[in-house]
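Next up: a single chain in structure tokens, the form predicted on its own.
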């Protein structure tokens, strides 16, 4: 399939992504970025560098559009950071420059106990959350129903790290499960509010990162603290949700597949065939092209191998495993949709 005019029977990018999230038939596997594909090169191309592209709606939308117009992905994702709502909650932010990610100053936590948690009344009108909502509106107006626009709302476990500090929050989860659950119950309202606002602004689906990563949190902890909350998000947020957790997570994929989430964005530390065997068509998988080694350090040939490995396993949506390094070469990113098209062409002639 070419990249030009749509032929008979060919889906739009938006149709393709939404069908894959429902595990319905597609004309070809969609190329999806549930997290950021922004690079310094694309920032220069769009004249939308960090930190402006994280804080100004027009810059945010202009940079995000390049994922579709320049790279050929089937999705546009305008939320590059994991800190927009944490900024609105009151966290101190290090905004950095165009070659570095904005981060929360986690050595300066804003809360110490569940009673301290307060979701501010201006959560959705704060400049750093409003920026996301305005950018989604701009993109929806510009692209209509042509391409899937994916928003992002951080889960309560991630917000806990940002607001309490990683070490303090993890120690609380070990020492006081009751307090930890109370924190998550309070923080989940920020997740829901921001998610609903993005859908209203025009997002087709939402990435929901909740960083119960394999190296920090066990599968038992995922079940204890997060599985039921993630089921609740599916019930309360009326759009497909793409759960994102980094690291080796195959040990909790069975629990994740029980949540009703549309998809799980999974890491290259998990083998595609092994992961598909665990989730067994209960949830779509998105991923899992390696970032630091393959996309950043290697060339298109290795990118293609990893794309084919995912497609051979039946993974429903293909893309990078996480937000890509900002210095990633554009040719490596363009190789993902090229490899997907070639794989489908090869299989159309052999089947």
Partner chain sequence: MAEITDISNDFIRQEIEEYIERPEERERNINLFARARPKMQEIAAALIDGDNDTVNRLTREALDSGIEALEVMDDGLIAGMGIVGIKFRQNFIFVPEVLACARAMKAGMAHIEPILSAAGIEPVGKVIMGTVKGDLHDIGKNLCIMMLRGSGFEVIDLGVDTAPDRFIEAVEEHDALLLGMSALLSTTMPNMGKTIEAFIDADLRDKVKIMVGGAPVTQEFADDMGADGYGKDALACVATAKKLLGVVAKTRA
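All of these numbers come straight from a predicted model, not from anything done at the bench. Residue numbers count along the first chain shown, from 1.
Another form, the form predicted in complex with its partner chain, is not on view; read the next lines as being about it.
Shown here without its partner, the chain carries 70, 204 and 314, none of which come within 4.5 Å of its partner chain in the predicted bound form through any heavy atom. Its partner chain in the predicted bound form comes within 4.5 Å of no heavy atom belonging to residue 112. A residue is said to contact a partner when one of its heavy atoms sits within 4.5 Å of a partner heavy atom; residue 308 fails this definition for its partner chain in the predicted bound form, lying far away. With a 4.5 Å cutoff on heavy atoms, residue 292 counts as touching its partner chain in the predicted bound form.
When contacts are judged by a 4.5 Å heavy atom cut-off, residue 273 does not count as touching its partner chain in the predicted bound form.
Between its partner chain and the residues 89, 147, 217, 133, the one pair within 4.5 Å by heavy atoms in the predicted bound form involves 217. Screening 179, 248, 140, 126 for any heavy atom within 4.5 Å of its partner chain in the predicted bound form leaves a single hit, 248. Only one of 218-226, 194-202, 237-245, 253-261 places residue heavy atoms within 4.5 angstroms of its partner chain in the predicted bound form, namely 218-226. In the predicted bound form, its partner chain lies within 4.5 angstroms of at least one heavy atom of each of the following residues of 144-174: 166, 167, 170, 171, 173, 174, in sequence order.
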